[in-house]
Structures are given as structure tokens and as C-alpha cells.
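One chain follows as C-alpha cells, the form predicted on its own.
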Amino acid sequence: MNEDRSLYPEHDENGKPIIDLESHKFLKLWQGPQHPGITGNMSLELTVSGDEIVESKTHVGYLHRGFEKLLERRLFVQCMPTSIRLCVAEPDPNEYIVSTAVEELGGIEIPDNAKWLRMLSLEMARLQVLLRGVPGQAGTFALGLGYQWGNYLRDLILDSFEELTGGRVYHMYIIPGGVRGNLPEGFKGRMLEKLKLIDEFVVKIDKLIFQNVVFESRAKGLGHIPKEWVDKYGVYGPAARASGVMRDVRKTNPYLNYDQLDFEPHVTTEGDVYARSVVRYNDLQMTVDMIRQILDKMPDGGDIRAQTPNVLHWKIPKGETYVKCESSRGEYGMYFVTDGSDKPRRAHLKGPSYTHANALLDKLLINANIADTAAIMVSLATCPPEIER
């Protein structure tokens, strides 16, 4: 059977398809939101020629939206259960940026013990994301065994969150003034035992994924982000470090007690799906080590909260601030404005998903094969509520 080559476009010297929209045959396809390789409730409107993508448009789903305006209509204490919905997979950075913004504008200094407990919560949040995300990247190429291993170990970290905060997914542990509680008795020992299991998992995942010829051949060279695109497209976190640009707020602009930890984020230059997977794999190992350091350096006791006004009648002086931290996806910030009332005047989130999924993803998918769409998308680690916020 002769193949109809009219479905495949010619390409110019830069590799861009030459399409005559009036005479050429092309097709529109939707990938997601039901597709297992799609992030959350997002979907992609793809224009394809044969099995090659000519154009991509991101649709974020509109499931979680309007959170910035919701924050502006709530008391400061009521902002906490609202803000965590800005990223369901990793809610703890939202707790931190909102609480810290309130503290900066309200002139509140939190106890040192609370700083260590906040760091523990933030790194535990990063760990559970990476336990699912690192094997999840390979899972887009049907290597599902590692994904199941990662989900099991992630559940163990969620068990620890439940023990510490009472909640598995949403925690509301970091609050204005400090944290809600101290470590339960025996928590450190139980966490260290779980970290030993993760050490064993790290070795297995290296053999299953990074020594796997299928994953290597599919991922290398795919979804390449040149170094010069990092600033142009607003690339942050692991995606930026995989393209040779060191970006980690914990290192470049230390907050809490991160300057007391010994860590060095991994940087490589290849800039493809494989490189982004390697960077996150190293982040996984580094996070385990950082949690051990936090547990070792943490005070045995001490205050966990500063004294704050009555939360139902708390008015913050007029002012504005920008607070940022390092999420598993990169720089995560909140611009916060107060007008002297009991509610924020303006709350504006800056998350890497907005630029990664809206501008960068649509660019990376041009000329890609349909079969590689999910892998490229997952490698950018987007969180849809950050976009339609």
C-alpha cells in the first residue's frame, strides 16, 4: 500500500514545517485531559501533519481558578486553606509564601525552632513530589514499575505528614507566626527509617530508568531547551538547571535556615527530557540528605509560634512585599499588598507553570512526534492551578 506523503509537510532550512493551509491536509487532535501522560486537568489542542505536530495550544482546564481574588476576600487566617489549592500536588510552598508575606508586613519574627520545622515540611513536600515525578517521567514511556515503587514510598511520606499535621495531602501546618505543632515523639526515628528505604529505591530506579536503553534512546535529544531560552521563556528550577543555568532560591537567596545546610543543586547542559530527569533524580537524592541534615540540626525543643493578634480581628499595616521560595518546579513567589484592613488588598502568585506550560511547551512541541507529547509535558512539571489562578 502506497503511503500518502501529502500528509507530511516539507521543512525549511530551520526545520520548520512549510504548510500551505489552503491546500495541505492537516488534522486537529486533543490530547487530554483524560490522557495518563497529561498533567492534571490540562489538555492540548494539537494541529498535526501525519504524526508530526505543527501547532500546539495549551488549555489549562479551569478546574481550579480564581484563587487570587478569593484570597483578597478573606481574613488573613482564612487565606491559608484557600492558598494551598494553588498547587494540590505540592501545597506547602503556598503555606510558606502567604505566611511569610503576612509576617513581613505585620512585623512578626518567628522562633528559630519554627524555621527548622518549616524547612522539614517544605523538604518533605519536595520529596513526595519527586518520588512520584522521577519514575513518572519514565512512566510516560511505559516503564510503569518504577512509578508504582515511587507511589508506595510517597505514601510513606504522606503517612509522616498525617502524623505531623493531621492531613495527608493538605496540611496547613505552616501558619502566620510559625507552625501548628512540634514533632510527635519518635518522629525522627521513623522518618530516618523511611529514608533508608528511599536510599534503596534510588539505586533501583537508576538501574530501571537511567540504565534503560529504551528510556535513554527516547528521552535524549527530546524537548531540547537551549540555554538562551531560559530567560526568554521564564524557565526555572530543574528545567533551567538542566540547560546549564543555576537557579535555586535556597542557594541564591537563602531563606529560613537553608544557609546552614550543605547542599549543591545539580546542573547539566544537555537541556533535553533526559537531562531534566537526571536533574530531578539528583534532586531526589539531595532532598533525602537535606532532610537528614534538618533532623540532625533541629533543636530538641523551643517555641514553635510567635505571639500574634486575634486572627479574627487581625489588621495588617499598609504595605507590599514579594516573598519567594524554591518549589520542586522552581521559584515560587507571592506578591502581597495590604491596605491596613483585615484582608489582603492584592495577592498575585508567580509560579513556573505559567511560563513552562503556556509559552515554552507550545514552542517545544512544534515538529515533535505525537507519541512524545506526554514526555515533553511531564518533563516541565506543570501544576495547572498556578496558571488559571
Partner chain sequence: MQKGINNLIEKFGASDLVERRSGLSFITVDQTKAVAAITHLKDIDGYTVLSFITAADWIEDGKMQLTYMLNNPAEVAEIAIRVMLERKKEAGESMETIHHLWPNAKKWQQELKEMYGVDFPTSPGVNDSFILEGWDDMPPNRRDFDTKQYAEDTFFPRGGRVTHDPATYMREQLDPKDPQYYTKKKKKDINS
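No experiment lies behind these values; they were computed from the predicted model shown. Positions refer to the first chain, counted from 1.
Quick note: we don't show the form predicted in complex with its partner chain, though the next part is all about it.
Even though its partner chain is not shown here, does residue 244 get within 4.5 Å of it in the model of the complex, heavy atoms only?
Judged by the heavy-atom cut-off of 4.5 Å, residue 244 is well away from its partner chain in the model of the complex.
Find out whether any non-hydrogen atom of residue 262 is located within 4.5 angstroms of its partner chain in the model of the complex, and reply yes or no.
It does not: once its partner chain is placed as it appears in the model of the complex, residue 262 has no heavy atom within 4.5 Å of it.
Do residue 234 and its partner chain come within 4.5 Å of each other in the model of the complex, heavy atoms counted?
So residue 234 counts as contacting its partner chain.
Can any non-hydrogen atom of residue 253 be found within 4.5 angstroms of its partner chain in the model of the complex?
Within the cut-off, so yes.
Quick one: from 270, 199, 289, 72, grab the residue that has a heavy atom within 4.5 Å of its partner chain in the model of the complex.
Of the listed residues, the single hit is 72.
Going by heavy atoms within 4.5 Å, which of 280-288, 262-270, 112-120, 226-234 lines up against its partner chain in the model of the complex?
After filtering at 4.5 Å, what remains is 226-234.
Taking its partner chain in the model of the complex, which residues along 295-334 bring a heavy atom to within 4.5 Å of it?
Residues within 4.5 Å: 318, 319, 320, 321, 322, 323, 324, 331.
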